[in-house]
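Quick heads-up: it's one chain on its own, the form predicted alone, in structure tokens.
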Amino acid sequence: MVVALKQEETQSLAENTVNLAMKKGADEAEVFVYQGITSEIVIKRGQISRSARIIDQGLGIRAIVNKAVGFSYTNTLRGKTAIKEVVLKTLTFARASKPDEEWRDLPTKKPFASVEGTYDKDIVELPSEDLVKTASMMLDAAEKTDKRAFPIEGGAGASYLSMAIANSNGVEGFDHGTIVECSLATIAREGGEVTPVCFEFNAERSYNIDPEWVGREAARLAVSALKAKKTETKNTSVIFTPVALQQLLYFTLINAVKADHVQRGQSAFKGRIGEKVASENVTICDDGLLKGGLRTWRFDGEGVPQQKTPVIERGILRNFIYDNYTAKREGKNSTGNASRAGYVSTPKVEATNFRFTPGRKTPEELLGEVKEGLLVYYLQGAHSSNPASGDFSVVATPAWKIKNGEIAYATKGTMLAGNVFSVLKNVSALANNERKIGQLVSPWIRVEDVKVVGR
């Protein structure tokens, strides 16, 4: 993997573009330079189908004129002409835009914290042959686990990411990191029965993934979903795995603690700081400095230092998460939660590493305490949840019936319905098997009195 832009070059580009914008008439200016280089191996229909190398780099600029914000971007970073054109275009947009009376100013310079476990030279230097080997190991492991399991898609990838930021208030910074991942989706067939898709994956910031475990687990889950039975409609105990929990919470709880949702009146938590909103078993922080976190960086998309922010402590709501704009609307400081889609977007409020403090029980102990319930790995339809009220109605497919502390059989046609804020209040225990799933960092979580709807 070759790094196209060096640190000094990236930082100089950001700073020089800010200076040019100021000379051309901006009251304030901010430049974000992003580079992403990814090598990937793609699996289709149980075979390695192709390899690819993707380079995405560009520059996004915000310019403020009389409290009006203009934004544009370019992926042409060589040569002064393209940079000058994007600066002039941004200023034109700003002058044509309506002033935002809520605008205060861009962030000011603050020292960045140090982070650990986010960059691995071995990933940067990883040859594509090693990714082919990783993909092959997953496929082999799945095949050896059970002949009834069939891999349908997946892959392996390694990425180098870097970003530089500069603004007219003295903010300047550079950070870079790596990520390596592998994933496999499978189905199982026996007789005329075909299971729903099951998948497993492993993603890390350092070169420390286990493709054989991914292959074995993806096959095991698919085979265990055979001979599924219908389940009855009743309120019962449910154990959510991190994958299912991430799908559910992304559209509900995580949105509820974002300051922009609160300020628009789209959060059930508005005005409830200091109140009990969850079980005493629930402690959550947004930890932008988590060692090896998938969303860990020295600074956010506006150059504000990332930090660890308590969100819920033993059931009590403590804080919302802010970017610069939403924080200054309330006379507060940003929590370092401004996120960008590379260089092509303006910042918006997002969680970093949204971490549930794990419990002390093993998964087996958590399971063993359930007389009757459901183990849920995957959800469908979580995107249709109501982010303001927290109401949800989702399909759990596949899910597994728990009887007397053991997995009894897979279920089919199973739905879960309820309210995510009620779910939080009914958390009875957390296991110790913490995993990183996108923004979420969580173990298995057991919830009581969840409505299960059978078909």
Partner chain sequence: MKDILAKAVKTAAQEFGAEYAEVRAQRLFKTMLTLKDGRVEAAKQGIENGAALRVLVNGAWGFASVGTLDAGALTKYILDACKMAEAASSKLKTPIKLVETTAVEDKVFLKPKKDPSKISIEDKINTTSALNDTVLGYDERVKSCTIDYLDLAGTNYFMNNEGAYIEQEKLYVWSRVTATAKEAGVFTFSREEVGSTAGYEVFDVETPEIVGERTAKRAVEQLKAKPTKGGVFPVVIGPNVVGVFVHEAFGHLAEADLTLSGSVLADKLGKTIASDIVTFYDDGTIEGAFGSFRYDDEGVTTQKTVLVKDGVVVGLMHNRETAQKFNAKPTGNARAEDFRFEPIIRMRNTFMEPKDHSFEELVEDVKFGYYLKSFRGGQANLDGTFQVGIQEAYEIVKGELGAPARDVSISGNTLETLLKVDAVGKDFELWPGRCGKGQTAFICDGGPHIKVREVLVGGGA
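No experiment lies behind these values; they were computed from the predicted model shown. Numbering follows the first chain given and starts at 1.
Keep in mind that the form predicted together with its partner chain is not shown, yet the notes after this line are about it.
Q | Single option in Asn353, Thr252, Ser72, Ser162 placed near its partner chain in the predicted complex, where near means a heavy atom within 4.5 Å | A | Only one option qualifies, and that one is Ser72.
Q: Have a look at Asn319, Thr76, Ser206, Thr357 for me and say which one sits with a heavy atom within 4.5 Å of its partner chain in the predicted complex.
A: The residue from Asn319, Thr76, Ser206, Thr357 that makes the contact is Thr76.
Q: Would you point out which of 307-315, 112-120, 357-365, 343-351 contains residues with a non-hydrogen atom within 4.5 Å of its partner chain in the predicted complex?
A: Among the candidates, contact is made by 343-351.
Q. Applying a 4.5 Å heavy atom distance criterion, does Asn169 contact its partner chain in the predicted complex?
A. No - in the predicted complex, heavy atoms of Asn169 and its partner chain never come within 4.5 Å of each other.
Q) Would Ser334 sit within 4.5 Å of its partner chain in the predicted complex, counting heavy atoms only? A) Looking in the predicted complex, residue contacts with its partner chain do not include Ser334, since no heavy atom lies within 4.5 Å.
Q. Is Ile41 a contact residue for its partner chain in the predicted complex, using a 4.5 Å heavy atom cut-off?
A. Heavy-atom contact with its partner chain at 4.5 Å: present for Ile41.
Q) Does the 4.5 Å heavy atom contact test between Glu280 and its partner chain in the predicted complex come out positive? A) Contact check for Glu280: no, nothing within 4.5 Å of its partner chain in the predicted complex.
Q) Out of 82-119, which residues reach within 4.5 Å of its partner chain in the predicted complex, heavy atoms considered? A) Heavy-atom contacts to its partner chain in the predicted complex: Val86, Lys89, Thr90, Phe93, Ala96, Ser97, Lys98, Asp100.
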